[in-house]
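Listed next as C-alpha cells is one chain, alone, in the form predicted on its own.
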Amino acid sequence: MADLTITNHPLIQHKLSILRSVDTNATVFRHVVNELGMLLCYEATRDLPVRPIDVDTPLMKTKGQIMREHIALIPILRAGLGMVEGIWTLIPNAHVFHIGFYRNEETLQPVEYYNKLPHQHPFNTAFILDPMLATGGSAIAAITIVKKWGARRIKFLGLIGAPEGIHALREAHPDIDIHLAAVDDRLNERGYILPGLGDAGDRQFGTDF
C-alpha cells in the first residue's frame, strides 16, 4: 500500500482555515489555493530521484544535484487549475495537461468531457491535482487514464479528503501516494465533504451564488 501523507504543518493549517471560511472572497481563495499547492508540492517531491552534476561556483568546482524526472502536472478541471501556479513556481520546467470531468448529480459518478494528454511523451512522473478528494470518483478515473498513458510514478495532491474518498482511491489504486492537508469527517448525501469548504471550483471562480 502506498503512502497517505497528511501535512499537518501550522502554516498549512492556518491557510486551510482561511479557505474554509464562508467570508473568504474568490480573490483570496484563489491566492490561498495557490499557496497551499506550493506547500504540498514541497512534501510530495521529497522522494523524487535526482542525478549528480558538476557546478562551477564563483570560487571553485563542486558537486550538485538536479531532478532526474520529466514531470507532468495534471489538474482535474476545473478546481485543480488553482493548484498549478504554486507548483509551477517550484518546478518551472513541469508541463501541464488537463483532464476534465463533471459529476452526474444522480449517480455522483464522474463523466469525462476533456482530455489533452499527448500520445507521445517523455513524462515518467505525474501529479494529479484536485483540491477535494470527496467520493474519489474523479481521482480514480484520472489516475486510470494516466496509468494507461504510461506514467510510471503517479501522486495525487489535494487539500481536503473525506474518509470515503481516501478509502475508495486506495482500494482502486493501492500503489498511488496521496498527499493532503486535512482529512475531514464525512460526506453528506450530495457527496460534499463535511465540514469542508464548499465547492472549490465555484469558490475559486466566483460562481458560488
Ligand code: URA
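Sequential numbering from 1, following the sequence displayed. Everything numeric here is computed off the predicted structure, so don't read it as measured data.
Not on display, but discussed next: the form predicted in complex with the ligand.
Of the residues H98, H121, H95, R103, just one reaches the ligand in the predicted bound form with a heavy atom at 4.5 Å or closer; this is R103.
Taking the partner from elsewhere, A200 is found to have a heavy atom lying within 4.5 Å of the ligand in the predicted bound form. In the predicted bound form, none of the heavy atoms of I74 sits within 4.5 Å of a heavy atom of the ligand. Taking the partner from the other structure, the ligand in the predicted bound form has a heavy atom within 4.5 Å of a heavy atom of M132.
The shortest heavy atom separation between I193 and the ligand in the predicted bound form is within 4.5 Å.
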